[in-house]
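What follows is one chain in structure tokens, specifically the form predicted alone.
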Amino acid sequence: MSSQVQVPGSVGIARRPRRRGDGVWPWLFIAPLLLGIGVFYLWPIAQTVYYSFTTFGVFGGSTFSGLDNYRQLVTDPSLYRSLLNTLLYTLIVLLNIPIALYLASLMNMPGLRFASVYRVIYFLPFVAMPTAVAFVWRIIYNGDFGVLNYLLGLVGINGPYWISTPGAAIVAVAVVGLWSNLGFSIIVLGAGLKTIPQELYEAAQLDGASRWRQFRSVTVPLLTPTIAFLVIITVITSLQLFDLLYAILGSTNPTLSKSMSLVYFFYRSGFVTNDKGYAAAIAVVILFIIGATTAVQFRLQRRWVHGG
């Protein structure tokens, strides 16, 4: 093929050579990843959305029922109770971030001995099995022989039955969640602290800034990307609360119906009452809440994240 276009009465115009594509090789390399995402993530999501518009029979099989599951869901008090419990749990667990920031700053102080040992001790609960953690905290929360009520009794306070009292149960579980996430936040924030140039602190000292002013004007602003990451991860994992709640409270706890989370509400509908169409509708609502919450956080972080 000629590389020039001949126009009558004019000189030839050079044509840009066609760029050769990369062929099928890039697609072959990413095909296993795309196949895994499609089979294990996208297809189950599509199936769940479809099942949310169906009603399952007692002996299997499903029939299309339109928006009936969603109409029933918006009038179900269990949805709002589980949503409030999940939000309360999330807010309490988020408190681990300022606590971890304070502890990570202490561990990052020059000359502190055994700082690595302290980090390992704080990180151990994060890698421990949730069932083992729950078993230990069930002993601590025991209303008759627990360590917590014993310590409260020393100062004249009569502690409640923490894991069987409505209102106190979800708070007790949230405290365990806060404690479990503390180590991960300390490690992430500690890594962020090491990226802050020491010259900034030296310049602040020359200007007469106190340690608190250095922390407020240097440390916190430069750590806002790390803090934003922790907030997003903590909110997503907290909205999926199930195993810790189930392990601490147990399946026969009388307060479980008043202390359940959104995911436990889904579990109860799908696997206890065997209403899989209704459970699918709950799962779609949970997916929407997590997606909307994450999108709002990404939107808002532009206002308070340094360099965001």
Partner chain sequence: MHQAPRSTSPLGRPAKAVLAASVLALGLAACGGSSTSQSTSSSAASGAAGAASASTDLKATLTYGLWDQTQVPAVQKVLAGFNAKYPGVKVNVNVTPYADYWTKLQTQASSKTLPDVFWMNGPNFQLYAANKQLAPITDQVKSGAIDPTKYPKALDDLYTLDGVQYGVPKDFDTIAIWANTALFKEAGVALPTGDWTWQQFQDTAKQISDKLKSKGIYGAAAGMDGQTTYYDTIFQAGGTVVDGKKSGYDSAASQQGIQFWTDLIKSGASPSVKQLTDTTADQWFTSGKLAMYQGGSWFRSALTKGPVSSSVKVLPLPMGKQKATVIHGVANVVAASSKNKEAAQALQDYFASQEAEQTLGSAGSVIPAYTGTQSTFAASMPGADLQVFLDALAYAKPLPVSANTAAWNALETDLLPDAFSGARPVADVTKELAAKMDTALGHE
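In this text, all values refer to a predicted model and were calculated from it rather than measured experimentally. Residue numbers count along the first chain shown, from 1.
Not on display, but discussed next: the form predicted in complex with the partner chain.
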In the predicted bound form, Trp43 touching the partner chain (heavy atom, 4.5 Å): no
Taking heavy atoms and a 4.5 Å cut-off, does Asn274 contact the partner chain in the predicted bound form? yes
Please check if Phe184 has a heavy atom lying within 4.5 Å of any heavy atom of the partner chain in the predicted bound form. no
I'd like to know whether Gln214 contacts the partner chain in the predicted bound form, with contact meaning heavy atoms within 4.5 angstroms. no
Only one of 142-150, 175-183, 116-124, 206-214 sits within 4.5 Å of the partner chain in the predicted bound form by heavy atom distance, namely 142-150
If the cut-off is 4.5 angstroms on heavy atoms, which of these, Gly36, Gly60, Pro26, Gly66, is the one near the partner chain in the predicted bound form? Gly60
Answer option from Thr224, Thr165, Thr237, Asn108, heavy atom within 4.5 Å of the partner chain in the predicted bound form: Thr165
